[in-house]
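Heads up, the chain below is alone and in the form predicted on its own; it's given as structure tokens.
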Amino acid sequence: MSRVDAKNIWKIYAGGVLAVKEVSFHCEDGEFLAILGPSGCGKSSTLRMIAGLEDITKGELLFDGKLVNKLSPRERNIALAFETYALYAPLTIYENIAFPLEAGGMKRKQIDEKVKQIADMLDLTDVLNRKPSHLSGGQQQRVSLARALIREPNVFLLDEPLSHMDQRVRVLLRARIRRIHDELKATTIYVTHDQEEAVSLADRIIVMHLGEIQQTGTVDELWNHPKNIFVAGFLGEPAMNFLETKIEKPTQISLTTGEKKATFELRGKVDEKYVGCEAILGIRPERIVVLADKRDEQSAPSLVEVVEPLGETKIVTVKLDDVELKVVSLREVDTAVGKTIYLKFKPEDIHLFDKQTEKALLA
């Protein structure tokens, strides 16, 4: 396997369309790295440049310190699985999976063992003698995935490989992909728009937006220390709530609710220059404490509008002045529609962002 280094990579398509801007990252030998972001953020263009399917406009791509910008996909020794299956229609499923091994000159007995092993892992044993046209979309995608994973390449590149599968199968296959990665000690770069996939699979995650990397880190780093509003709002379901606030002291902020002011302490300090300025407060729905009545100045009244039961918990939509918030609450907490409840934010759960730059103000 290989370490991958991307250094200031750009992709500019014909007509000056900027897809990827100054992207730099590394993927350690044997690491599982996810590239996460919404549609059109540049993640697939980045993967295609790593694969050698797209030219790199500017920058350098290295495998184990060796520049590979001009090498073909075959010369890079990578394995690919994409959202589109690209299976060979005249061949059986067995032949499709075995194809890269046969092309590499592996002996028939070894090929047979490997094909049966990977087919068993991905629940394809019963369809090995069928043709792709007789399979569902989800099954075809599993075949594409099997064909990529059966090789022993320098790098596995997976682009939305589970997108056409139902939720139950996706959960099952996520675990199997990670198991295969661990068994092979593979270097894997996985592109997805699905945060649940990225969080459950990856050692580290790159979050992209508008062609640029917003932040790279572990799940804990991205979740608890987002560098900007985009990262904070992109991770989490329901998404993080955002409110305009005023910085009263380096360690205190306030919300104006009607004629009253609710104050909240911060877990750290902001620079003195921000005192008196407006900022953006971020708080995750599951971190909001719900009180039946006001107990101190560090709680804000809000009106319950919608309650969505989820078994042991529920998602409560509330209105705090003109701002709609989502709160995850335990089932037994009284949050009847039309009731006024009080929201309390603990210092360690408050995120604070600059209103203009949208960058985090708390380390």
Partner chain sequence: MRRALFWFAVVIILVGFLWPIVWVYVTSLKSVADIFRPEKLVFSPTLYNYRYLVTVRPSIMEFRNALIITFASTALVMAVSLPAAYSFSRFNTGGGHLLFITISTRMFPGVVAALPFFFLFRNMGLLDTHIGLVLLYLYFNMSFATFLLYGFFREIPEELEHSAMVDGYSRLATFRKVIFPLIRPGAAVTTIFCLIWAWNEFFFAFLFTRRVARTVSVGLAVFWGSVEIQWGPMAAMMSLAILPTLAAAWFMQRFIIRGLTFGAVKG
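Predicted, not measured: the structure shown is a model, and the values here were computed from it. Numbering follows the first chain given and starts at 1. In this text, the rigid core denotes the largest set of C-alpha atoms whose superposition between the two forms falls within 1.5 Å.
There is also a form predicted in complex with its partner chain; it is not shown, and the following applies to it.
Annotated contact segment (heavy atom within 4.5 Å of its partner chain in the predicted complex): 145-153, selected among 112-120, 214-222, 145-153, 235-243. The partner is absent here; in the predicted complex, the one residue of 186, 79, 124, 247 having a heavy atom within 4.5 Å of its partner chain is 79. Put simply, of 86, 172, 275, 292 only one has a heavy atom within 4.5 Å of its partner chain in the predicted complex, and it is 86. Residue contact with its partner chain in the predicted complex: residue 73 places a heavy atom within 4.5 Å of it. Residue contact check for residue 210: none of its heavy atoms lie within 4.5 Å of its partner chain in the predicted complex. Contact check for residue 139: every heavy atom lies farther than 4.5 Å from its partner chain in the predicted complex.
At the 4.5 Å threshold, heavy atoms of residue 285 stay clear of its partner chain in the predicted complex, well away from it. Taking its partner chain as positioned in the predicted complex, the residues of 88-115 that bring a heavy atom within 4.5 Å of it are, in sequence order, 88, 89, 90, 99, 100, 102, 103. In this overlay on the rigid core, residue 269 has a C-alpha that sits less than 2 Å away from its partner position between this form and the one not shown. Once the cores line up, the CA of residue 108 ends up 2 angstroms or more apart between this form and the one not shown.
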